[in-house]
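Taking the form predicted on its own, here's one chain by itself in structure tokens.
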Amino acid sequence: MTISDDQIKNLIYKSCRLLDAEEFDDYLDLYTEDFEYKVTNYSPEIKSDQEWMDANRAELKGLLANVPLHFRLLGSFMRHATVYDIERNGADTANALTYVTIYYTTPEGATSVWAVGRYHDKIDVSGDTPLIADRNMKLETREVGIGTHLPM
């Protein structure tokens, strides 16, 4: 069975929806067993990329299991994603570029843009359903403050 571009888009959108809802087990089910998750940005001050997070499946699962134990921002996050490009790399993988805006809403109801960036995803399309094999969230935003331990 060939995985369609719409199935890939739906996978990426679902990853945002599940993360927003903090449904972490279902979120992790969208990834391959050997995926790698990164959060990076470019720093003009040091003229180099910075790596904010680099986690495999077991590390991300542990991080998400401990979210309730950490100091957190009260309120909620909402991701708005738009898939701009999907390129096939043979029969087994595809690369997807998705622009992402993350909004933060305080408990009082005030909403602001918290971060913007791009997902650079490698998608495994070798099975019946697509899975995210690697995700690099390349941030434009470089100041996000403290209080969230969630992937972006």
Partner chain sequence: MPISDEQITRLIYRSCLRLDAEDFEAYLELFAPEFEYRISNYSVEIRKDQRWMDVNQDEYKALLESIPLHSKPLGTFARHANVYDIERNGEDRAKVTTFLTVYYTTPDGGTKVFAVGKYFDEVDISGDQPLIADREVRLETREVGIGSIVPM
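Positions refer to the first chain, counted from 1. Note that the coordinates shown come from a computational prediction; the quantities given were computed from them, not determined experimentally.
Keep in mind the form predicted in complex with its partner chain is missing from the figure; the text below concerns it.
Residue contact with its partner chain in the predicted complex: Thr141 places a heavy atom within 4.5 Å of it. Taking the partner from elsewhere, Met78 is found to have every heavy atom lying beyond 4.5 Å of its partner chain in the predicted complex. Among residues of the shown chain, Arg17 is not one whose heavy atoms approach its partner chain to within 4.5 Å in the predicted complex.
In the predicted complex, none of the heavy atoms of Lys122 sits within 4.5 Å of a heavy atom of its partner chain.
The partner is not shown here, but in the predicted complex the stretch 101-137 reaches within 4.5 angstroms of its partner chain through a heavy atom at Thr101, Tyr103, Val113, Val116, Arg118.
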